[in-house]
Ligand code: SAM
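Here we start with a single chain on its own, the form predicted alone, put down as structure tokens.
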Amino acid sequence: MFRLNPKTGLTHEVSPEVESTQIPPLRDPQGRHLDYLRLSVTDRCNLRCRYCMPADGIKLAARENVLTLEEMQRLGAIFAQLGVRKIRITGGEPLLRKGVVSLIAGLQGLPSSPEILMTTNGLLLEANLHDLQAAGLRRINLSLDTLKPEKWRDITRRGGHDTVLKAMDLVLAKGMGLKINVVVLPGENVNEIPDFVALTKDRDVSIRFIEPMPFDGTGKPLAATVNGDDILGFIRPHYELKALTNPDGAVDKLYAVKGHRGNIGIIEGHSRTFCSSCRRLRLNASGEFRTCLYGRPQANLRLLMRGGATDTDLMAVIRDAVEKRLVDGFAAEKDSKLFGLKSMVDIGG
């Protein structure tokens, strides 16, 4: 059986046995309820951030090896039936993918009404913002690692800094939720941390400072890093912070800033302090399914679909992978050593 979404024209297969069955949610061996999918729609990007990929980029997947929009819609529907309540559209840069607005509308229109979000570098955001909001997108994560144009060019190896700053304020003017992701790079932008916190003074925005992680595509460990306590150490001499209660399953440690509208968060992605509550699953643009950022792919859902797998077959594969999910990112990294740590853009952001 195929279901047509009249808003987008996208169809997805719904097996009769799936349609009529009450499906238990996804739980891993540690009892974590996995209800958040990061769905990469492309491995292409219009930046070359040094912490994400080499200067000459990565080897891109052949077009025929990338999921079609219809396949993404179908998989989104399957994950929603398995209890996923939040789907984040990522890349690469997701706005480079033609048809991504229709995909967002299609996922937003699923019977379970999952929340659809997007992470973007902002370069194409102004031209697409109206259509994204009309498609049902309500919250955006914007990647912005520096407030200095010359430093932006150094980190990203590209231009466009003013465009991203403009996009930040356009999102807020539209009344949409906004988080700004700042990868904290030792010797690069740590001195800007207080300046980023200042953005929360009159803006209803959350600034999330992220520990650097070893996903630059070289396969080498980090030459230098900074942890969550170090980041707080750059903030506390300038601002009074109050720890906030994290939403269930959140990976960031949240803090209110006295006298500010917005707040800040610390994501200890390298220290991996949040693994015990992590609810995330990952699907890259080629259909590789991961249960942990640091882990190896557990299955290629694209190959299974094109080989004739039914929704029930795909659900069984997804559930089997989740039931083998390791205890934390350290165990997953150890398990994936033979495969190597890839570029973040290849994993899917």
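For every residue, the number given is its place in the sequence shown, counted from 1. As the structure is a prediction and not an experimental result, all values here were calculated from the model.
This protein has a second form, the form predicted in complex with the ligand, left out of what is shown; the following refers to that one.
The ligand in the predicted complex comes within 4.5 Å of no heavy atom belonging to residue 268. The closest non-hydrogen atom of residue 183 lies within 4.5 Å of the ligand in the predicted complex.
When the ligand is considered in the predicted complex, residue 210 lines it closely, a heavy atom lying within 4.5 Å.
Taking non-hydrogen atoms only, residue 106 never approaches the ligand to within 4.5 angstroms in the predicted complex.
Screening 281, 52, 285, 318 for any heavy atom within 4.5 Å of the ligand in the predicted complex leaves a single hit, 52. Heavy atoms within 4.5 Å of the ligand in the predicted complex are found in one stretch of 256-264, 93-101, 194-202, 170-178, which is 93-101. Residues of 123-151 that come within 4.5 Å of the ligand in the predicted complex, judged by any heavy atom, reduce to 143 alone.
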